[in-house]
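Here's a solo chain for you in C-alpha cells, the form predicted alone.
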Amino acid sequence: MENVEKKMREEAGKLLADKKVDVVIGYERGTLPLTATPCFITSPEEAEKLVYDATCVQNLAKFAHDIISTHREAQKKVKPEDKRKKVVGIVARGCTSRSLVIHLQERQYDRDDIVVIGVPCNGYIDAKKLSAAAGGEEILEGSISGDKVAVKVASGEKNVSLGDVLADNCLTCRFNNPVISDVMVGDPAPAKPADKEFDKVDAFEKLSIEERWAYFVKEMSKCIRCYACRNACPSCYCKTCFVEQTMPAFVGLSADQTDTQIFQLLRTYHMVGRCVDCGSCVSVCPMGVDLRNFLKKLDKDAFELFEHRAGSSLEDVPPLSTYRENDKEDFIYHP
C-alpha cells in the first residue's frame, strides 16, 4: 500500500493547493499500535500525515455528510451575498464509496459537493480478532508487512496472518474497489471470493422461528444502548433519532430489554437497501453484539428479491424508493 499512500497524499495535497476542496477527510496514524483514526486536513502541507493500510477501519462517508450538512445549516444564518459552498475531498474505498452513493441517491448533497479519492481495499483488521491472536495481552508495538502482522506484547513477539485477523465483512466483500471516484490511486484490488457471502445467513434461516428469536434476544441482551452503532453508521443521519423523540415516544429511556430490542429492530429495518456492510457498527460495539447477521439477512433479501446491492451504482435505486409493476410480490404475507 506504500505506492497508494504516496499517490493519495499527492492527490490530496494538489486538491487543497488548487483550492478544489476545502477539506480532505482521510486517515492518520492512531495513538495506539496498529490503529488509524479519521483526520481532516485543510492545507497541502498536512497531506503528509495521511496513511492508508489495513488499520483504517472507519467508514469516512459519515464525516462527509456531517461536514456538509453542518455547513449548510450554518449558511442559513449568512447573508445571501456572503454564502459560500463547501467542497469536501474524501478518501474512499469500496464500502465508503457505496455510502456516498446512498447519500447522493437520498439527496443529502450534490455530486459536486464531494471530490472522491478512490483507493483499493484488501480489508481492514478486526481489533477483537487481533486481540485474541495476541492472547488478550496489551499490544505494545505492531507492524504490517505484506500478509503478516507482527505484534509485540509483554510476553514476547507474535506473528499472525493478516487474513486471520481481517474483519468478517472484508472476507467476502464484493465491492473492494470504489464504485465512484474522481481520481483513482493504485491498481484495483483483486476480487474476493463471494460464493460464501451469505453462508451465515443461510444457516440462520434454517433455524426455527423460535430459535431465531432466541438468538436475537440473546444478542440484544448484551446491548447497553450506548448508540455507538448508530453514531458510526454513515446511513444514520436523521436530525432527531426516533429513540430521542418524546411526542410520540417510541422507546423508553430505561434499560428495559423490550426497549432495547425495539431500538435494534427499528434501526435494522431502517437499513433496508441502505447497509453497505462496511462493518462500522460492529467495530465500535463495546459489547460484541452480532449486528451484522441481521443486517446481512436484509442485504440478502434485497439482492434475491430485487437484484439490488446498496450503493452499487447511482442508477440502482433502493427498493424502498421505487416501484416496478413487474415485481414478483411473492414477499407479501397473506395470513
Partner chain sequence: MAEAMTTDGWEPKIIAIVCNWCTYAGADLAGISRIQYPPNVRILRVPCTGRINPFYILKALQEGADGVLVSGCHPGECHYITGNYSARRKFAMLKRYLTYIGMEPDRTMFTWCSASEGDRFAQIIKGVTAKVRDLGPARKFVKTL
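If you're wondering where the values come from, they're calculated on a predicted model, not measured in any experiment. Positions refer to the first chain, counted from 1.
Although it is not shown, the form predicted in complex with its partner chain is what the next lines describe.
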### Summary
Exactly one listed stretch (29-37, 294-302, 47-55, 63-71) reaches within 4.5 angstroms of its partner chain in the model of the complex by non-hydrogen atoms, and it is 294-302
### Query
If you check in the model of the complex, is D327 within 4.5 Å of its partner chain, heavy atoms only?
yes
### Query
Quick one: does G13 come within 4.5 Å of its partner chain in the model of the complex, counting heavy atoms only?
no
### Message
So in the model of the complex, is its partner chain close enough to T172 to count as touching (4.5 Å, heavy atoms)?
### Response
no
### Task
Give a yes or no for L320: in the model of the complex, does one of its heavy atoms lie within 4.5 Å of a heavy atom belonging to its partner chain?
yes
### Message
Within 4.5 Å, heavy atoms only, which of E205, D110, E137, E106 is in contact with its partner chain in the model of the complex?
### Response
E205
### Query
From the list S221, N231, S254, S145, which entry has a heavy atom within 4.5 Å of its partner chain in the model of the complex?
S254
#### Entry: Candidate spot E210, F216 and H334, all three touching its partner chain in the model of the complex (heavy atom, 4.5 Å)
yes
### Message
Do any residues of 249-266 have a non-hydrogen atom within 4.5 angstroms of its partner chain in the model of the complex? If so, which ones, in sequence order?
### Response
F250, V251, G252, S254, A255, D256, T258, D259, Q261, I262, L265, L266
